[in-house]
Structure formats: C-alpha cells, structure tokens
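In the form predicted on its own, a lone chain appears below as structure tokens.
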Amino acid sequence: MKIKFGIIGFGFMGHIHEKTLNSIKNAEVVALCDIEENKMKDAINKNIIKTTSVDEIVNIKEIDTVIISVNNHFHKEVVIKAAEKGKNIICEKPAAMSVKEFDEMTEEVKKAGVKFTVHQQRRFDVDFRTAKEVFDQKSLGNVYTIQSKLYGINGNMHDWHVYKKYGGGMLYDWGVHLIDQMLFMVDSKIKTIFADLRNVINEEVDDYFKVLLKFENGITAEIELGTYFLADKPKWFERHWFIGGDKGTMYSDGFEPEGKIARTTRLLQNVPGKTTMTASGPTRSFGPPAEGVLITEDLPKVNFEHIMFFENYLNALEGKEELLVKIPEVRRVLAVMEAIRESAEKGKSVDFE
C-alpha cells in the first residue's frame, strides 16, 4: 500500500522532497501547496492536485502525511492545522522558533494522536557518519575533543533566510543540523555552552558562529560555521571533522570525506633533547616526528543516503521500527540554540542540563 503525501511549501526543499518520494515505490505525492502558484508549475506529476490554501490541502482525505517546508516562522501554525485534521507530520527544521513554541506544537500533536517528526536528514551525511563510526568504534581511546566545521565563501544567504522575522540566519539553517549531529553522536549531558554568534556581512541575521559544548563525559565539542571564509586551499569551502583521543586522532575534509586516522607507534616519556630549527627558531615539542613514529589508517567506509530518512519514516508507520528523529531530541536541539543565543548575548558560558 502506498503512503500518500502532501507537500506544504514548494520551494527548494519542497522540490527535493517531491523528487525523493517519487523514487520510493511505496510513497506517492498526491498534492502540493504553495502561496505562489508559479512555483508548482514544474512538479514532476503534471496532474497533481495544486492549491494555494493550507486549509484545502489538510482537508484532502487521501493524504496520510504532510511535509511542511514553509518559512520557519509558519511552522507552528501549519503543524497545528495539520494535526487537527489528523495528518501525520514531517516538519522541516528548525521545527519551531523557540522551545516554548515547540512545546505548544507537540501538545496539539499529542492531542490529535498523530505521528510527528522533523526532517533531520543530515544524520545520514556520509562525512558525519564516517566521524560517528570512528567515535563509536572507540578506536581513538578516550576522546577529549570533537571539532565540526563548515565554511563557505558566498557570504549572503538565500531567499527569505536573510530576514530575521522569517526565522533566517545560519543558526536556524545549518546550525540546527550541526548541533543535531553532535548531540546524536555524543551520548552525554552538556555542562556548559559558550558561543560567539555574529553578523559578519549580513545586516539582520547571523552568518558566523563558534560554539563550545562541554559534556559531562569530558568531551569538549567545537562547532564552527562561517559563510565568508576566503582562501584558495582545496576543500577549504567544505566540511571538516577532527576527533582527538589519547590513542589517536581522526581528520576528514569534504562532504565526501578525505582523511585518515593517525596514531603513534610509541609514546615519548619525555621530549628528546634534540632540537629542530624552524623559521621561527628552535623547538623540541613541535618538531617533525622521527621516522616510523607516525602511522595512518584509512577512514572506515560507510553507506548512508538521505533517502534513508524517509525509509525509516515509512517503516515506522508500519510499526517495523521507531522514528529515528524523536521529539525530545528535537526539543533538546532547540534548547541548545536558545542557550547559544544567551551565551553570545552575555559574552560568557551558560550552564546547561
């Protein structure tokens, strides 16, 4: 039996959702909704139901699930309308503009008795899953630092994301994904959060942030994003991971990760007396390693695709597995984002959990 979907908001992500669902045999998109009719002209199925009214699409009986990909500030309103009509819901991230707003949404969803999840498809990114596999294997020993970084050169954001009132800015955009990935990887309470959040070249919304999460298990996670990082180095304008442990380190560059796991064949009890002359003078601690001390291993191979989000969702509808993205996890990410804004405003770390 095919699960019938309606897509509310047919912009960039709405088009991606239609294309993805069109490739899944037990899923079918039967209706689209967007306030701009022109956006729906290039739908894959030319005979699909098209409407500019949210009220109309949530009243279509054959629709089991609606995907909500409207501007961020409309998420609450549309989620509640869909829940009241008995529709299961997949909402784009961020699910809400605040924890309070999200709690109000989930209360209505609970009353309606429908399924509700959030499209955190980047839990299936290959670069993230490669880093998570290294972390889960515990092959680096006691991990003390995890660094997740994303850089770009374009500076300005796109469409409505440049406006604060619509829920724009990079913390609400990529920030949600990067935080969600880190919390999905590290199973520990967060003690403190420190953040630097800036508008570097955008007038209204943030386009740079650096976040430090200190976990109870001793790991410090660093998440950094910048839309205006200029350099001519290969892979600079992409994704970067670094994980440091007392038995080795892992690094990777790019969304299709290129990197290594590095280890030493022996640990020095003391820095040797021999010095190395560098351009800035002599050094012992930071000279090149002796031959044979440093060895590397290839990164593990993983097999993940974004379509797995929808495969999980469809299996959950049939009771075969749990929804991967759970409501308490979504709420925790939103709470971290609020703490990030508080820390950035105060200029100091804030306690958390």
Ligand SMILES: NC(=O)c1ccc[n+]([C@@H]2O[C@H](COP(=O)([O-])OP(=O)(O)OC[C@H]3O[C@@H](n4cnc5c(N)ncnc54)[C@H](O)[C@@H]3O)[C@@H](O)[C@H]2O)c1
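Because the structure is a prediction, the values reported are computed rather than measured. Just count from 1 along the sequence shown to find any residue number.
Below, we refer to the form predicted in complex with the named molecule, which is not included among the displayed structures.
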For this session: Heavy atom within 4.5 Å of the named molecule in the predicted bound form: which of 93, 239, 87, 123 fits that? Just give me the one.
Result: 93
Seminar exercise, completed: None of 208, 74, 251, 151 but one has a heavy atom within 4.5 Å of the named molecule in the predicted bound form; the exception is 74
Exercise. Residue 294 near the named molecule in the predicted bound form, any heavy atom under 4.5 Å?
Worked result: no
Exercise. Counting only non-hydrogen atoms and a 4.5 angstroms cut-off, does residue 325 reach the named molecule in the predicted bound form?
Worked result: no
For this session: Mark residue 184 yes when one of its heavy atoms lies within 4.5 Å of a heavy atom of the named molecule in the predicted bound form, and no otherwise.
Result: no
For this session: Spell out, yes or no, whether the shortest heavy atom distance between residue 119 and the named molecule in the predicted bound form is within 4.5 Å.
Result: yes
For this session: Select, from the options 155-163, 187-195, 103-111, 131-139, the stretch whose residues sit within 4.5 angstroms of the named molecule in the predicted bound form by heavy atom distance.
Result: 155-163
Exercise. Judged by heavy atoms and a 4.5 Å cut-off, are 8, 36 and 177 together in contact with the named molecule in the predicted bound form?
Worked result: yes
